[in-house]
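One chain comes next, on its own, written out as structure tokens in the form predicted on its own.
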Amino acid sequence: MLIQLRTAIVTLLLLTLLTGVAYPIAVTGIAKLAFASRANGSLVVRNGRVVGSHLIGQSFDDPKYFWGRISATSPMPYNASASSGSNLGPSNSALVDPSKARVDALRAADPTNRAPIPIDLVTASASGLDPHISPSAAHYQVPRVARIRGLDEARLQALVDALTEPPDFVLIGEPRVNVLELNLALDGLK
């Protein structure tokens, strides 16, 4: 009985060290060597200061900036620890009300823009953290941002086009624009 107990304890300790310490250290080390930026959170650094991540959206609601998708996380927008689907149906007010509020906010921020609002500006992604919008959602916002900042619309259209990322591996997904990168480039315009 003591031999079996000792064998079980030694096995538990060895497997704990192997799977709980050695394996995570090895995987983290390999990831940091092979994919340094992604393994560290794909952080966006400007002037020596972290301003966000390429992978997690941020809340922009100032009309002088491009706005991203609605965040479905709580208790605050873009809360990475609360990422999940909502499973809310189309008749649930918790799903409908934020979309209506976003439509109202977009119309109030740019009352002269009567173009149809792209769907990704009024809905959340499955994770609630998506940092991207479609090129059409970015182009929809160009007149507002150009007017408020006193910039030429064609110049902003070109900026959106320049920052539009193609589908991954040319086949997977849709073209997209990272809102944080777009707003940082916007702030860098003279």
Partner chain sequence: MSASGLAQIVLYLVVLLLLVKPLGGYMARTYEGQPTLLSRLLGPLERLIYRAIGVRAEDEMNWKTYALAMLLFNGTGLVVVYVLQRVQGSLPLNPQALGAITPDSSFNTAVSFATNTNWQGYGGESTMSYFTQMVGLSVQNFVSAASGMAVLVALIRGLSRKTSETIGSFWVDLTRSALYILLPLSFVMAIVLVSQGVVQTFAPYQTATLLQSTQDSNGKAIVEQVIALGPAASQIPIKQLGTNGGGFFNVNSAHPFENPTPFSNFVQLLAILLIPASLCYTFGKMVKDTRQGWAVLSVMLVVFIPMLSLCASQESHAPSSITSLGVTDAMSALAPGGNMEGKEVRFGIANSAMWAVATTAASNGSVNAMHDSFTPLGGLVPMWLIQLGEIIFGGVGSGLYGMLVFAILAVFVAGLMVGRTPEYLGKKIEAFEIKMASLVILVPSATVLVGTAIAVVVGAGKRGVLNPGPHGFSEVLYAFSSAANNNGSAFAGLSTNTPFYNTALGVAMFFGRFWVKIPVLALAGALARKKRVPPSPGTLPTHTPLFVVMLVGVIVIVGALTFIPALALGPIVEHLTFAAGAK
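Since we're looking at a predicted model, the values are computed, not measured. If you superpose the two forms and keep the largest set of C-alpha atoms that fall within 1.5 Å, you have the rigid core. Residue numbers count along the first chain shown, from 1.
Although it is not shown, the form predicted together with its partner chain is what the next lines describe.
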Next on the checklist: Test of understanding: in the model of the complex, would Leu189 fall inside 4.5 Å of its partner chain by heavy atoms?
Outcome noted: no
Checklist entry - Looking in the model of the complex, any heavy atom of Arg38 within 4.5 Å of its partner chain? => result yes
Item to check | Touches its partner chain in the model of the complex: Val160 (any heavy atom, 4.5 Å) | outcome: no
Checklist entry - Is Arg147 a contact residue for its partner chain in the model of the complex, using a 4.5 Å heavy atom cut-off? => result no
Checklist entry - Which residues within 99-118 place at least one heavy atom within 4.5 Å of its partner chain in the model of the complex? => result Ser99, Lys100, Val103, Arg107, Pro116, Ile117, Pro118
Next on the checklist: Relative to the superposed rigid core, does Ile148 relocate between the shown form and the other one - that is, does its Cα move 2 Å or more?
Outcome noted: no
Next on the checklist: Quick check on Val27: with the core superposed, does its CA move 2 angstroms or more between the shown form and the other one?
Outcome noted: yes
